[in-house]
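Coming up is one lone chain in structure tokens, specifically the form predicted on its own.
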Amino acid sequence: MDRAALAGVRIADFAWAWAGAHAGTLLAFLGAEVIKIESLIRPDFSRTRSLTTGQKFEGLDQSAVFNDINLGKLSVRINLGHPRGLELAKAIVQISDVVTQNWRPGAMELFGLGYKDLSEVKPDIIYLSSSAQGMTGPEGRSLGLAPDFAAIGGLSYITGYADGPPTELAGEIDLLSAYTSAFAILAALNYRQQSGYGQHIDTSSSEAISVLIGEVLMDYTMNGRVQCRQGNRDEFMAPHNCYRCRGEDKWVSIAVGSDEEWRAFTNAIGNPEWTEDPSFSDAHSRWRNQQQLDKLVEDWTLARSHYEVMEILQQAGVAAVPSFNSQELYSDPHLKERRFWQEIEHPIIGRQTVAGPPWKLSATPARVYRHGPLLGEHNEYVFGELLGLPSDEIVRLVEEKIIY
């Protein structure tokens, strides 16, 4: 059987919600043992409600949202407000390689669980702090959620139509921050393997978004120009837009990037007379006249389904893809072929279809190992098998609400 890339790596996961928590899940896909440290005193809010859908869940183990964000993890309950609870948390850290947390900046330090504290427990620990704007600087104590990260990071400002307001971006922004954190942890593990040293990774979720718009920031830095919203249009390419197709709320994105692609496009759509118009004779002319061009392109797309447009243009070598709704994504043959969607059995909410690992690896395949954990599901394994506590002591700690 192939060995997982992170087999033997253990993560003490204090993170909650989305941005911090999903970083651990990405590493669990690679085979890391991720132990989520939580409590009945302050359960992860994604166990009780969904900010994106407005759902509320009756029990702490019934949230499909929590399950999706925390696939493959283990869970223990620890009352961190009790000195013995802190001892248990530090004992888990002592046998771990990585600590992840996205508490309010400074909060972990108040509990004695900051990087300096835990590096004394485990000198080579890799410690990830994920926050809105990092832990240092004048905004180092800032709090925030995904819409804040997108706004401060600059992505919201340039997303939207030219005559409309900035777009509020939500859950996907948290997940982008999580990918940044997971990548940083992988780099730190590689560094530790070579040097023997751990480190403190201070992730700013806002900056994790800013790196995605480097050309916009450089345009301001080099040219003093502030870019703004322009819908789906491009600064050079035309046609470049999202066009209506046959059916209710069906759309397709088309991008033509060169004269060669323009010829391929016109051939694919049957070389209608308007394609010979001098207004569209070269890239600059097409760009200057893109409002007129967009209407003519949409006259063609409106007579076809978004799938038909995709197939016709892709076969001609022109970039085109539908705007898929959820059902279309679920049934998409490309995603099915790559086994993007996977099914798991959850002991409370039953069979679930989940998004699997976003990468395909040959020698060390990534996969969904198990469902998201029930609250405290692995108390016996972690406290008994890993930490070596006798069964009667575990029972006593539960009765005293230390394991709680």
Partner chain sequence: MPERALGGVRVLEYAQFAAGPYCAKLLADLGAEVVKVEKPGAGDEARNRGPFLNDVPHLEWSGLFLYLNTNKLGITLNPEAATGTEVFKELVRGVDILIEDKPPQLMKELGLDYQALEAANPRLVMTSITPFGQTGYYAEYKAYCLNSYHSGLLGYLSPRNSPNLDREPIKAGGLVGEYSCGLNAALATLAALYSQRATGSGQHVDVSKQESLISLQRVFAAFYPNQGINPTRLAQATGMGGVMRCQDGYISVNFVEDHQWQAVVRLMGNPSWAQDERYKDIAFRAAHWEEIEPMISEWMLSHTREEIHRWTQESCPSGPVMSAEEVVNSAQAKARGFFTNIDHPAAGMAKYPTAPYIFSETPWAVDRSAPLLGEHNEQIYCGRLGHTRQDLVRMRQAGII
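Residue numbers count along the first chain shown, from 1. Note that the coordinates shown come from a computational prediction; the quantities given were computed from them, not determined experimentally.
Form predicted in complex with its partner chain: not shown, discussed below.
Here the chain stands alone, but in the predicted complex its contact with its partner chain, taken as any heavy atom within 4.5 Å, falls in 141-149 among 277-285, 141-149, 105-113, 81-89. Although the partner is absent here, residue 157 is a contact residue: one of its heavy atoms lies within 4.5 angstroms of its partner chain in the predicted complex. Looking at residue 72, you'd find every heavy atom of it more than 4.5 angstroms from its partner chain in the predicted complex. Not displayed here, its partner chain is kept clear of residue 196 by more than 4.5 Å at the level of heavy atoms in the predicted complex. Under a 4.5 angstroms non-hydrogen atom cutoff, its partner chain in the predicted complex lacks residue 122 among its neighbouring residues. With the partner omitted here, the residue from 221, 305, 94, 291 that has a non-hydrogen atom within 4.5 angstroms of its partner chain in the predicted complex is 221. Taking its partner chain as positioned in the predicted complex, the residues of 184-206 that bring a heavy atom within 4.5 Å of it are, in sequence order, 184, 186, 187, 188, 189, 190, 191, 193, 194, 198, 199, 200, 201, 202, 203, 204.
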